[in-house]
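Presented below, as structure tokens, is a lone chain in the form predicted on its own.
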């Protein structure tokens, strides 16, 4: 059975890398927008915060399932890489977990406490969201820099922490444009207009630094015909960004029928940037140190685990799709009655 698609020592690690990458991408998009909504709490009025919570209430915990799946795939499929990555990134991972726990607790307690104490849990929700987003951005920067710890890599990781947080806030604002109306929707449009340029700056910073980190990546980007194959990615991203800024300038005056366009465009930008990173770092799972094949579990183990993954992953996807279908439309006033 293992030889059905060729050498299992080749196709199984690639398959698991693809499944892990897909899980990470789905997590970044889905939990990215609800983390972004939490970050945007800083600029929202008390009444608006209830509507913002209502817009993510049915989805936020399911969105985090994709992170659990991605880390689980890394552990079982690439245990050596799992050890290297989480050991190097121990502090930001710990901070991320603290932020996620704080978000979850604040989400529930803010609805139960006396109104006079609600502002403290709103602050906790904002703090948990901000801590999680910054931690993930720092980990992204450290990964791009090859998990090396130097003043330069730390500085770049701090930059990506800010840019990814802005990116999450941006996609969160785009989500609110789709899920809300009235004054909050107008405010979300203003947020998205301002944050779009931080997203562009983050993409530019990563695009400049990534090929400079590795001669191998530089060659993959600027050699022919590789350059011609890669060129559609930044060109498409630039076109989407320009179209997005045009739509944001016209919202909400053009009507609610275009309210989903910014969120769709934000997703497309995240997908394109992820595709560029995947292309750049393949076949390494730890940049310039461990390839997929060097760090993968035994093919026999991967084959057994693949059966389980191919059952679990569609179930998670189906549940997520069903919840988004059931709770489609505009967010209503928050109620726990």
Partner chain sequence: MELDALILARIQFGANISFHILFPTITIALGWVLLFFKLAYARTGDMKWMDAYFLFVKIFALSFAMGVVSGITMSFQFGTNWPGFMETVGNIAGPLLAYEVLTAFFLEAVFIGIMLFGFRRVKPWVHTLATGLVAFGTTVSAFWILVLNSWMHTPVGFEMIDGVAHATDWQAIIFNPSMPYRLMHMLLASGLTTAFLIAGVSAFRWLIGRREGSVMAALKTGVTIAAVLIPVQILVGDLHGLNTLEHQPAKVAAMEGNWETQAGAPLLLFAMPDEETRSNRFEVGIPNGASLILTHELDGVVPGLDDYVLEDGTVKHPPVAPVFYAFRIMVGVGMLMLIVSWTAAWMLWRRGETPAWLNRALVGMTFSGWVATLAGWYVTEIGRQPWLVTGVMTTAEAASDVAAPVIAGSLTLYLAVYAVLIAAYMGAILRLAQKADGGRGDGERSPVALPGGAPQPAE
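The structure presented is a predicted model; accordingly, all values stated were derived computationally and were not measured. Residue numbers count along the first chain shown, from 1.
We do not show the form predicted together with the partner chain, though everything after this point is about it.
This chain lacks the partner; the member of 316, 14, 9, 22 within 4.5 angstroms of the partner chain in the model of the complex by a non-hydrogen atom is 316. The single contact residue among 268, 305, 42, 275, judged by any heavy atom lying within 4.5 Å of the partner chain in the model of the complex, is 305. Although the partner is absent here, residue 109 lies within 4.5 Å of the partner chain in the model of the complex, judged by heavy atoms. Taking the partner from elsewhere, residue 229 is found to have every heavy atom lying beyond 4.5 Å of the partner chain in the model of the complex. Taking the partner from elsewhere, residue 113 is found to have a heavy atom lying within 4.5 Å of the partner chain in the model of the complex. Using a 4.5 angstroms threshold between heavy atoms, residue 104 counts as touching the partner chain in the model of the complex. Heavy atoms within 4.5 Å of the partner chain in the model of the complex are found in one stretch of 146 to 154, 217 to 225, 187 to 195, 113 to 121, which is 113 to 121.
Residues 68, 69, 71, 75, 76, 79, 80, 82, 83, 86, 87, 90, 91, 93, 94, 95, 96, 97, 98, 100, 101 are the ones in 68 to 101 with at least one heavy atom within 4.5 Å of the partner chain in the model of the complex, listed in sequence order.
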